[in-house]
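Consider the single chain below, provided in structure tokens and representing the form predicted alone.
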Amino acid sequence: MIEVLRPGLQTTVQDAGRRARALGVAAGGAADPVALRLANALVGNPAGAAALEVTLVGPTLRFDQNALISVCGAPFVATLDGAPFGLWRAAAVRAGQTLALGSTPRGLRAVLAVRGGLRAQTVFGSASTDLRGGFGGHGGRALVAGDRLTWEPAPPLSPPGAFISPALHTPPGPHHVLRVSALPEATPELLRALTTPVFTVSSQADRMGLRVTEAVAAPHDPARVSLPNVPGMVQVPPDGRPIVLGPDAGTHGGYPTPLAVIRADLPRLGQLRPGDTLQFRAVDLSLAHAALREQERALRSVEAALGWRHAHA
């Protein structure tokens, strides 16, 4: 069992997300899905097992039983009983020890995985916390002091003694280039206005979406039909300040959506923090598909290598 001594700024249970958007339910899931997969691979879990997502300032947790854990994501300062605790590796924690995750100088989020995967409320096939809907995860909310978490039983496993290559880490910024695909609403003028400047992430940023501080000339079409949304879409509201939709975005919206961040770059959305800068770079579908294939090939290679080490430990 894990006792939450200090909850951190916003610590929630997340997994790989839901596939119920046809019912109007947000996808949810870890904002940095690459960090989730790698954290789970390090402790021998399935890729989408439920874990903790920590944001900007992490929690302090006391373990009441032995566990194998890993933390992947932004470079949080972490200690185990006051001694430095390394990220991007698996480590054994003994009963009675306390893990403290402080803040991070860059990036925004990290994932803490526990061997076996956290037990959590599953809704629509996912244990992800939907903060606005108030369901999933741990009571549909962020952790508070005094919460107790448990995890599924799993055969004991020794830490593999391997580190994840920095080449696989989601870049934590502070400057981000997001590759985007142009959608039918991207007129040449709007595409040029969105892909030329450097934007700054405003304080209006959460798991639902993030707004930038700079504005472009907003399109106005009273006859426009509202279209479905997916995470990564770039909306242009009437004030002209683009919004990049995150994993908790609603399924429909009335704003024009001229761009969509390619899937290979979606993990970067989880590391964008207020004050970071970003640029949109338009790419064609063939490059978007190639980038996703390359990312998947690298992740699956690591997952297979760690799986082999776990099986032969």
Partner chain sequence: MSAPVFTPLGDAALSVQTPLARELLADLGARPVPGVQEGVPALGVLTVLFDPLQTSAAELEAALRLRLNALTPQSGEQARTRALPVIFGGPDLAWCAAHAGLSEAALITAVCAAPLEVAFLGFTPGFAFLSGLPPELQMPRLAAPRGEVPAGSFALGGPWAGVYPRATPGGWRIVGHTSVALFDLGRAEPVWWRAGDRIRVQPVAPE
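Positions refer to the first chain, counted from 1. Please read these numbers as outputs of a predicted model, since none were measured by experiment.
Same protein, other form: the form predicted together with the partner chain, not shown, and the subject of what follows.
Although the partner is absent here, V302 lies well away from the partner chain in the predicted complex, with no heavy atom inside 4.5 Å.
For Q65, no non-hydrogen atom is located within 4.5 Å of the partner chain in the predicted complex, even though that partner is not displayed. Among residues of the shown chain, P231 is one whose heavy atoms approach the partner chain to within 4.5 Å in the predicted complex. G250 belongs to the set of residues with a heavy atom inside 4.5 Å of the partner chain in the predicted complex. A heavy atom within 4.5 Å of the partner chain in the predicted complex is found for one listed residue only; from R94, R106, R192, R224, this is R224.
Contact with the partner chain in the predicted complex, defined as any heavy atom within 4.5 Å, is confined among 45-53, 66-74, 250-258, 270-278 to 250-258. Every residue in the set R19, F124 and A288 has a non-hydrogen atom no more than 4.5 Å from the partner chain in the predicted complex. Along 164-195, residues S181, L183, P184 each place a heavy atom within 4.5 Å of the partner chain in the predicted complex.
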